[in-house]
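Taking the form predicted on its own, here's one chain by itself in structure tokens.
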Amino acid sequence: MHVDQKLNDPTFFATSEYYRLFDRMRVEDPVHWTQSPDARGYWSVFRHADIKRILNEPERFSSEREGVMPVIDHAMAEIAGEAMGVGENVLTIDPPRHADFRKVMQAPFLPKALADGEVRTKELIGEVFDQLPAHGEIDLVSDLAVRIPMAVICDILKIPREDWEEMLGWGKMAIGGTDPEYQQGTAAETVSRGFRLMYDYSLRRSSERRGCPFSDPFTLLANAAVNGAPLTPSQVAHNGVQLMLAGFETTRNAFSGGVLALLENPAQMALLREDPKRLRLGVEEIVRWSDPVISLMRVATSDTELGQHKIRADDRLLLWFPSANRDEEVFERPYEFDITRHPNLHLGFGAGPHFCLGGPLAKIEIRLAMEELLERFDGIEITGPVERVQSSFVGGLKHLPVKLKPRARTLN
């Protein structure tokens, strides 16, 4: 299969082959013109330095012109702008307006709020573990990794528990619509339907909280103003969707990918069992290694140069994060999973003005969930095939069947 065919094929990213391709491209053609199904083409960017530069120069590489979802065929291009709320969702708003919207949403994710909420986060994670079957045979993704961040973000957003399962299904459609397991119709139809269902739910919840004296993000959005003007219903709803999706999709991928990495590297697992405090540093390696976001798109706002290539205004660029996070120019032994790695300059949470608002929360969740896993279970055995999501957007594990061996309790 030709390079461009691979980059355009979501099924390719359900394999580990893409790492080998990225290794080659960083050397041979780090800024690669890629033919796409819509015949328009885009630049594939593979080096850490180039990707970091693009993320740090939003005035030259826009999130707002066409959004950040890799829209490389006609069907997806037709629905992506409306589905994601391009220009209304904080992820797809350029500076300086971006900072105003971010301020509206940031209070629950600031350091003091996260520190104050850590006991509650630990309690919610404990509840998820308590619900695991006694026989210990589970799918670590669907029974654990998915449910932990879903519980935490839904609690922050004050979403009733009876709605959690439905929301999870919508999220799989919106983010993983290129995977046949989640599809309802075509990939584009699935993505569109998933976003629409979440949009309607977000609008309904935020409308209920208009004028209420609460501090959850839905209430903040419903009652916010930017430059003296209230947010429109569409702006409120799209940013609510962003909080829901960012809250559980990427964290689930990092946690499940981290568990798999530890199972494949038992010496690293032993280090954590010996001293769980290593997790504060180890979480950074888990995020680097698991690559919860495969790619994001940007659009050039003017003619410029990148890696000796002339980039024209309105050219699309796809930033391949797994490639940046294995770049030999930045990481010694990039294919060695090392929870003691320091410094760890991964781009798992992005960089620049759009650095992931929920990144600090995600790190707390991963750390607490790993601590709980190590405390409760002496052994974890993979019992079936490991499957990845077929997506070039937000990737990660889809199924990881395991057998958990509970830790023997000693009587004092």
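Note that residue numbering begins at 1 and tracks the sequence as displayed. As the structure is a computational prediction, the values presented were derived from the model and not from experiment.
Below, we refer to the form predicted together with a small molecule, which is not included among the displayed structures.
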To verify the annotation, which of these, P58, P70, G350, P30, has a non-hydrogen atom within 4.5 Å of the small molecule in the model of the complex? G350
Which one of L357, L373, I364, I380 is close to the small molecule in the model of the complex, taking close to mean a heavy atom within 4.5 Å? L357
Go through 342-350, 22-30, 40-48, 380-388 and give me the stretch that gets within 4.5 Å of the small molecule in the model of the complex, heavy atoms only. 342-350
Give a yes/no on whether T250 approaches the small molecule to within 4.5 Å in the model of the complex, heavy atoms considered. yes
Residue-level question: is R298 within 4.5 Å of the small molecule in the model of the complex, judged on heavy atoms? yes
At the 4.5 Å heavy atom threshold, is A324 in contact with the small molecule in the model of the complex? no
Does R193 reach the small molecule in the model of the complex if we count a contact as any heavy atom within 4.5 Å? no
